[in-house]
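So this first bit is one chain, no partners, the form predicted on its own, shown in structure tokens.
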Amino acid sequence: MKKVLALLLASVMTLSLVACGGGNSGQSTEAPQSTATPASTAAPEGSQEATNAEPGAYDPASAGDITLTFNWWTNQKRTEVTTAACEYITSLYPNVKFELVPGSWGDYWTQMSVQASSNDLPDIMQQDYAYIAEFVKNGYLLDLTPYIENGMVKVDTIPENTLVTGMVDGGNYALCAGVNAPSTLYNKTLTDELGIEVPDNITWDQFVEISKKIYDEKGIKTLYSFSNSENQQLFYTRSLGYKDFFSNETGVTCTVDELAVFYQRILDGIAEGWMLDYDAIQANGTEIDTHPMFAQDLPEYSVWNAMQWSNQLAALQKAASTKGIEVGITTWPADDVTKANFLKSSQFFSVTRDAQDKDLACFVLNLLINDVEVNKLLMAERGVPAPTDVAAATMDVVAAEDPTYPLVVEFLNKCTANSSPIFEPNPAWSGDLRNGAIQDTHNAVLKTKPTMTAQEAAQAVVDQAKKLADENK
């Protein structure tokens, strides 16, 4: 295991492939005062704007008694570790408390949109590569550049190609909370029982062959793409040799005929019975704790796999263990996985424009990214820590508590050797396409009785993408 962990450190250090106030319904955190002395952290003087303060000059006590709001999308494990980390920060700085507001992925972005319209965004928010350009364009996020330049926020041990993933138009609006990659998590107990070996860098044909075999022998289906999961479209498009799916010039990079192949694969899977349909997904959901991988009592809803990210293995394995299931991990399927695959920030942390004390919020952001004890509590649940020194200092602790961590480490090493440079942050208009034609077409072709052909679905996405791109030029 130590050899695997050492290999990951080398990979993280050279990731040339990685281009990786609001809310009143949260939970408060309070912790007893600690005698621990926090590491010296630079910060600017003044309450709202960064200055050229000397490292260590900022005293968080100067903010007075304050409660910072912190929102993120979550699973149970993420909520537990983030709460523990925030309680630890409060133990160091008793005047700083937190209102923690976790939520589901879909609800999270709806809530952030509502709060943004009311100038009521949280002090610190979890951010995603798919949304960062849109939030920056709308002026919702604080540019961290002054805080980085004066030493308040430390980035010197974050690989450059990881750091730039949080940059938009020359400003740095987010810091990587963890490195991860697309992953197919699967019921290894089931595949072992059937004598099926799931390969690394699995091709689409191998994925279909395995899916059909499992369906024929067990009646268990496959979960591939659903609703607004444009990530599978991105992966497919990159496998064709395009760097990105979105294009500010043409809307999308691929042609209608090329995109139609993606939709035809889904239509074939539904028609042949081995792919889980939209109605079943809507009826039962896909949250990790109730994922259809664990629905043995509902054969028509049970699946052998989950299309997730590598940092979600621990949470899925925890839920699987209650069913006696071992979870395996491989890449997403593609005709050319090396072209398609990429490493990225699993999530970012950002300070918003509505932060009540931006200096303090940046001080806390720095702790979340760079403080070793904080990251031991965060348990790499969001992915391998971006700063290489923090990754090194926390690996043994994380591996001791999370038995899946060495497997994720090994998986990311393989991805590092079999990936291509990441795409640029999604254009600001991508959210309208995601919640419009992409969602509508996925839902239409995934129905038990599809309401669109592959060509119609592809044309609808290409047409709306071109319209949005033209409107935003």
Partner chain sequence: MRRKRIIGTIIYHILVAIGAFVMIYPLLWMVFSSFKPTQTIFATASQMIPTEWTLDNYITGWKGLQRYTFGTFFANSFIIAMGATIGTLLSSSVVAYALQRLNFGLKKVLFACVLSTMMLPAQILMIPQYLWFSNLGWVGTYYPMILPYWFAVQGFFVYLIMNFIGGIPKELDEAAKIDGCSYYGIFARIILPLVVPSLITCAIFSFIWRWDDFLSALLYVRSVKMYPVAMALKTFTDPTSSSDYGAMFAMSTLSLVPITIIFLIFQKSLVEGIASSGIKG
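Here the structure is a predicted model, which is why all the values come from computation and not from measurement. Numbering follows the first chain given and starts at 1.
Below, we refer to the form predicted in complex with its partner chain, which is not included among the displayed structures.
Q: Answer for D169 alone: is it within 4.5 Å of its partner chain in the predicted complex, judged on heavy atom distances?
A: Output for D169 is no: heavy atoms all beyond 4.5 Å of its partner chain.
Q: Using a 4.5 angstroms cut-off on non-hydrogen atoms, would L100 count as touching its partner chain in the predicted complex?
A: Because a heavy atom of L100 falls inside 4.5 Å of its partner chain in the predicted complex, the answer is yes.
Q: Evaluate K318 for contact with its partner chain in the predicted complex, applying a 4.5 angstroms cut-off between non-hydrogen atoms, and reply yes or no.
A: K318: yes, in contact with its partner chain in the predicted complex.
Q: Can you check whether D107 is within 4.5 Å of its partner chain in the predicted complex, heavy atom basis?
A: Yes.
Q: Residues in which of 308 to 316, 398 to 406, 238 to 246, 334 to 342 have heavy atoms within 4.5 Å of its partner chain in the predicted complex?
A: It is the stretch 308 to 316.
Q: Let me know the one among E258, E300, E87, E326 whose heavy atoms come within 4.5 Å of its partner chain in the predicted complex, would you?
A: That would be E87.
Q: Please pick, from T83, Q356, T145, N161, the one residue with any non-hydrogen atom lying within 4.5 angstroms of its partner chain in the predicted complex.
A: Among T83, Q356, T145, N161, a heavy atom within 4.5 Å of its partner chain in the predicted complex occurs only for T83.
Q: If you look in the predicted complex, which residues in 116 to 140 sit within 4.5 Å of its partner chain (heavy atoms)?
A: If the 4.5 Å heavy-atom criterion is applied to its partner chain in the predicted complex, 116 to 140 yields S117, S118, D120.
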